[in-house]
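Next up: a single chain in structure tokens, the form predicted on its own.
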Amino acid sequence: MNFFRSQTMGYYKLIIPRESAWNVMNELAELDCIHFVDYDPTLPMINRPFANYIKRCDDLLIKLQLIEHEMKKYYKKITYCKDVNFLIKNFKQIIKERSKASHTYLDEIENDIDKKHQQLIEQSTNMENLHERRNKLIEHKSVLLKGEALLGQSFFQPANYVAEGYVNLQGKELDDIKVLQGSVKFNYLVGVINKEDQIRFKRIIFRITKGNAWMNTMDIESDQIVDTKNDDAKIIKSVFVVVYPGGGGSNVITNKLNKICESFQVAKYTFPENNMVFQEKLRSIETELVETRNLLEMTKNQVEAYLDDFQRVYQNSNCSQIEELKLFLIKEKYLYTQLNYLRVQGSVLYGSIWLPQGADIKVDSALREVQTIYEGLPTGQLQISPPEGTKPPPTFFETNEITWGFQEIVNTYGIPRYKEINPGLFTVMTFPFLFGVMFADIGHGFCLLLLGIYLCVYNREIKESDSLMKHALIVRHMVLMMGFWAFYNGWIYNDFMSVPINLFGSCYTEEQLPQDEQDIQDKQDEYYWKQKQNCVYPFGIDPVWMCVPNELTFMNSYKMKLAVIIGVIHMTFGIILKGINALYFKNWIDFIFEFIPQLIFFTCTFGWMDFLIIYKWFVDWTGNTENAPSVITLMINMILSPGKPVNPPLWGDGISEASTQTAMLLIALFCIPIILLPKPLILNSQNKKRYALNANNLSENLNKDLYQKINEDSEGTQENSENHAASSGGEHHEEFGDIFVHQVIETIEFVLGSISNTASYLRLWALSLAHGQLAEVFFQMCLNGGISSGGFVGAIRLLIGYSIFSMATFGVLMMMDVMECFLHALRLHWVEFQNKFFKADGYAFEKCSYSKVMQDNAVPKEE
């Protein structure tokens, strides 16, 4: 079973002639079954043989990104690739039909992209310059028109200078300033400023001139000026006119205003002094604007023609040209990245690979196919080899659409060790179930179940649409199973949005107390619930328990005990999986001195507690509830008062029960030193023997190494020295203190963790209680009042309350509580279950796959 344990891996040597390296790797990357071993993980990619090819691909991808950005700016629709395998076959066919070497196709692509990119850059630069020129002309034209509207015809006439000095223009209108024109000479400053800077500009001018200036502004039409540096976004600008007293251009106010304009990057313009020059300037600007618009239109058409080339879907392709080029470059970059994992020696590339069992036949077939397709080219060789070093094989599980999501939950915590039992197999079953225990509700679970059914049934339609549900498709089966178990457990708790359902008829009837007992009881307690003889509610909890005063006490007790039972069973199963792992790896030390005492310890403590809970459920305590013992009290007395007769007892006279509990306690305590002491002592003895044996072997090999260093050539000497270094440094002698401290930590973690982990499973009760209470609060506050009132007022209250109830239920219970229950189920698997057997120190099988890397990049990134 490939999902229970990792597939069996084989270690092979791959030898490829350099002249056919591209062709061989191109065939192997289509197999999706090879894991290349990096010969030197510490060597940077930039120092490897094919780093230059990877850099070329990166540069070309950057250029394509710029072209794609231009296409989006011109609203060109890109057809993305939906079937990368079809595109891979298309690339293969194109390369096969060429008469040149296969790897030179990248050179053709590079030349084509460089040429088109350069042409597009030139046209885009021309467009930007023309836009800048058009903006300047529009600004100048607006200055003339708006300035004339602000200043009037009188400013075309030269003023007679009489005096120059301080004139307070604060609060004066333009007509008042014109009256002063005969006695004071005025200067003006005309320009264009961004509207967002307008208020700050006014304030600074007022402060600098101390009110000795008049300023007014008028907005330019918002659709005329564009920002060429921000995707041609529209810019709102304003024409401003500043009038201030002074003669000449070198006075203090003029210098200050010029500095302010420079700080705001204001465009300043000159205003004609007579009407004839004004009209002539206006006509000249209008003529230039028409010419600029025509040039812009021509340039835009040329740019769109270039972009249409990239947008077009060519024959024998299933996507736009730009997408096809991008995926080809990603494929080429990936190919050369894999080649960089191989060592280059002369005209040969060689390296190590991992293959799943049986995949070597596919690789041999692919190598033979290279020689068939490309006649005259030498092919590669595959040789089985013993693994080098101490690193174990990679872990590989075959997953499908259902198991992928659950395996990702496990992998997020850690990759399983090679051949270790995969927790993902059991997570498929236990994760949705534990979620359902916490989210248990018939109504809410059914809503989640419907969502899962909808995602599974309309999977293809949603995938091809732009719906937000598209992002949930990858976990649709998980949502379906979570909804099913929430719906199922809702029936177990008999809870439909805090309302019980009397589906099978209650086993209790409401009876009136006898007359003599009514005198003693309160008036409100004249009735009691009487159970029918030999009646058992067929499925779930009898609905009458939701209508009695002690409902919360009963449900709390029931859910708490159920959570403990589920938790102990779940963790016991984890301990059993540890024993199965130890048997598979033939690790008898772990099996005898860890698994067996841990299982006995856990069974004698928390397994015993589960037994007491279930046994108490099987005893009929009707009419004798005051003598029913508390399970918590029994467990506490088992530790604090061992051997003392149990009172009240669960069975018998309490002596046999006390003896059993004492025996359980002694067995559990005896297991602790068994877990702690034997393993480090045995490991230390084994390490000493192994260290002594290695020391003898090392001394015997020293003379052989010396003789080989004298007689072998330099290349052989280097390889021998590497082997010698590996043999001498591969074994690490671990001290007894380190082993013992590690085992002490393991023992304390297990013993104390058994208590804390069992308590942690109480979250199954806590979250179920919180969910039920929230649902009840929403029902009571939003719907119960309208239902109780009745009539027209009740209908209005019900209508308003239902809208609030729906929003609160969706936002709090269907969104926040789903996420909360999901995270708590995640924690129970990662911490409480997996730590019993899961090492999580493996590494994943990274298969060399064109389809995977291209599929990951075929989906457009959302902005």
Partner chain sequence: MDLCVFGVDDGYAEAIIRGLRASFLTEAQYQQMKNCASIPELKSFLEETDYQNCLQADNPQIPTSILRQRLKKKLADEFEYIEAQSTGTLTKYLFHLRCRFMIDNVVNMIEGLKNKIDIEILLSNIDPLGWFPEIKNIKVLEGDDYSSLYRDVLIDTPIGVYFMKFLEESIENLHENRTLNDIQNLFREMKPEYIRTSLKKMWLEDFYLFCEQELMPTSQEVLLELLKFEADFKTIQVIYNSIGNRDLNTAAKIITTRKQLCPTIGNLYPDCEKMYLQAMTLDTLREAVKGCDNYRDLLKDAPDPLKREEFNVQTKTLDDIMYDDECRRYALAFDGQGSYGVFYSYLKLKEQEIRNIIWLAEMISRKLAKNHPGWKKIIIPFSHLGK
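Numbering follows the first chain given and starts at 1. Heads up, when I say rigid core I mean the largest set of C-alphas that superpose within 1.5 Å between the two forms. All values reported here derive from a predicted model rather than from experimental measurement.
Just so it is clear, the following notes concern the form predicted together with its partner chain, a form of the same protein that is not shown.
Engineer: Counting only heavy atoms and a 4.5 Å cut-off, does its partner chain in the predicted bound form sit next to every one of Pro44, Arg200 and Ile204?
Structural biologist: Yes, because Pro44, Arg200 and Ile204 each have a heavy atom that approaches its partner chain to within 4.5 Å in the predicted bound form.
Engineer: Does any part of Lys116 reach within 4.5 Å of its partner chain in the predicted bound form? Heavy atoms only, please.
Structural biologist: Close contact is absent here: in the predicted bound form, Lys116 is far from its partner chain, nothing within 4.5 Å, heavy atoms only.
Engineer: Would you check, heavy atoms only and a 4.5 Å threshold, whether Glu749 touches its partner chain in the predicted bound form?
Structural biologist: Glu749: no contact with its partner chain in the predicted bound form.
Engineer: Classify Ile208 as contacting or not contacting its partner chain in the predicted bound form by the rule of any non-hydrogen atom within 4.5 angstroms, answering yes or no.
Structural biologist: Result yes; Ile208 sits at the interface with its partner chain in the predicted bound form.
Engineer: Although its partner chain is absent from this view, report whether Ser263 comes within 4.5 Å of it in the predicted bound form, heavy atoms only.
Structural biologist: Yes.
Engineer: Its partner chain isn't shown here, but in the predicted bound form, which of 293-301, 134-142, 264-272, 557-565 has heavy atoms within 4.5 Å of it?
Structural biologist: Only one stretch qualifies here: 264-272.
Engineer: To verify the annotation, which of these, Lys256, Lys92, His103, His570, has a non-hydrogen atom within 4.5 Å of its partner chain in the predicted bound form?
Structural biologist: Residue within 4.5 Å of the partner: Lys256.
Engineer: If you line up the core, does Phe201 shift 2 angstroms or more at its C-alpha between the shown form and the other one?
Structural biologist: Yes, its C-alpha moves 2 Å or more.
Engineer: When the two forms are laid on each other by their rigid core, does Lys268 show a Cα shift of 2 Å or more between the shown form and the other one?
Structural biologist: Shift of 2 Å or more: yes.
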